[in-house]
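For reference, the chain that follows is the form predicted alone, supplied as structure tokens.
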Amino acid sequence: MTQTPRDHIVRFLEDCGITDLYLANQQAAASVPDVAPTPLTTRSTEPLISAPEPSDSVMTAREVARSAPNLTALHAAIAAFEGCPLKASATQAVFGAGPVGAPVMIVGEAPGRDEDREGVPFVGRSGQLLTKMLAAIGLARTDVYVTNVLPWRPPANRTPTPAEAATCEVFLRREIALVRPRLVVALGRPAMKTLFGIDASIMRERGRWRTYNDPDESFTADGLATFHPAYLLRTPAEKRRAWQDLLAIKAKLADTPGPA
């Protein structure tokens, strides 16, 4: 029997412990039963990561990124950039996808095999789960902007070097400033570390509202970290906590006015 998109959403909600779709839609600010609620607003005591002195590649990336007046120009600049070794082993650059002014910008760590081949972020199994997660709170994939910290897939999915990460972060921050979302959501610890400067357990830090702040771009937004869909595929029991975070995002969107 062919399953409809609604069937997939219901399946995700059932994995989260929610069996009544109507009830789930009415609980935008509620916690999942039997799971201790996570404070939605808190200030982490974890010290921010000290920024190293910028390398030549980072400085060059800054000049290139700042010269891009829009996403089209930024994507072209990234495609032509030769200052990051990750480019040499990747099939192509994987740019973010979604509308400028999207209310939510979702940031993962890096493209995987499927993304590297197709040139689109979150198209593999993790992306399919992400689409279901968004649909569960009434957001279509086309409603949000989805991207990664790294535009190039690291060889064998290895951890990027500090220099590679710092170079790619420059392009990400320019991308965020050009999209200008109301909420910035980090998927997983690496994205959380890049966006919020917090090097701590995602289990401890997820679901806590904080501020994304980029003084160089004169841009701020509400920010939140949650589990990466790849982790949820490996650990389905954590979908219950992920559902809490999704409800928090839905509630925050309802409380946050859109652009004038």
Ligand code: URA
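Each residue number is its position in the shown sequence, starting from 1. Since the structure is predicted, the reported quantities are computational estimates derived from the model, not experimental observations.
Although not depicted, the form predicted together with uracil (URA) is the subject of the following passage.
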Next on the checklist: Check for me: heavy atom within 4.5 Å of uracil (URA) in the predicted bound form, for each of 151, 154 and 164, yes or no.
Outcome noted: no
Item to check | Candidate stretches 169-177, 132-140, 80-88, 109-117, one within 4.5 Å of uracil (URA) in the predicted bound form by heavy atom | outcome: 109-117
Checklist entry - Counting only non-hydrogen atoms and a 4.5 angstroms cut-off, does residue 122 reach uracil (URA) in the predicted bound form? => result yes
Checklist entry - Heavy atoms within 4.5 Å of uracil (URA) in the predicted bound form: does residue 228 have any? => result yes
Next on the checklist: Under the 4.5 Å heavy atom criterion, name the residues of 184-218 that approach uracil (URA) in the predicted bound form, in sequence order.
Outcome noted: none
